[in-house]
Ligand code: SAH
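Just one chain follows, in the form predicted alone, and it is written as structure tokens.
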């Protein structure tokens, strides 16, 4: 985790977002991982309206208040909903292509890495939708993440995030879980994206269970509460001072 930003030539998702914004269509955005079969992200879903969003995303948007930081904002679909509701929103992404699209949609968007220590504005709500906490990459980096959260939160501020507990991948037929406790944390996943001729670098992505999230929040002197649960080990959490 550093101040890394994405070059356009190595930014498959940004290119897909730019294509769809320009023409209303995009090619296949492929997602590869050593843990899963190859998948595809339907680019149109990155431009979804509030009505098209899943329940947990709607919950987070309803909970947002004050000045909002939309982290890893992509096409800006969440920022637009919040702006329509009267919130002041700053959207950040490491993809310059995505930031250009958001700006053309009327969003105050900046090319900033969340972990850039020179970024020290204050926000009433930090929004990390679509498992945005995944940018932490590895669970050992959670203390650094919590320090960043504390730096950016206003005195009465909150961080809203959704994530999933990947233990279901290791569930046996009898309902027990076969997880190697001596190995790496089971929610650490590697991904690589490809779009047309653009191949992105492999990156680490974190899915974190609520108990582990709460442990690191508490260790950092923050409060953590589970606000909603989905049907498949997914949840919304709120972290505050």
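Numbering follows the first chain given and starts at 1. Predicted model, so just to flag it, every value in this text is computed and none were measured.
Note that the form predicted in complex with this ligand isn't included here; everything after this is about it.
- The closest heavy atom approach of residue 13 to this ligand in the model of the complex falls within 4.5 Å.
- For residue 26, no non-hydrogen atom is located within 4.5 Å of this ligand in the model of the complex, even though that partner is not displayed.
- Although the partner is absent here, residue 123 sits far enough away that none of its heavy atoms falls within 4.5 Å of this ligand in the model of the complex.
- The shortest heavy atom separation between residue 113 and this ligand in the model of the complex is within 4.5 Å.
- Comparing 194-202, 211-219, 43-51, 61-69 against this ligand in the model of the complex, the single stretch with non-hydrogen atoms within 4.5 angstroms of it is 43-51.
- The partner is absent here, but in the model of the complex a heavy atom of 129, alone among 97, 153, 82, 129, sits within 4.5 Å of this ligand.
- Contact annotation: of the candidates 161, 109, 146, 77, the single residue with a non-hydrogen atom within 4.5 angstroms of this ligand in the model of the complex is 77.
- Remark: none of the three candidate residues (142, 188 and 206) comes within 4.5 Å of this ligand in the model of the complex, counting heavy atoms only.
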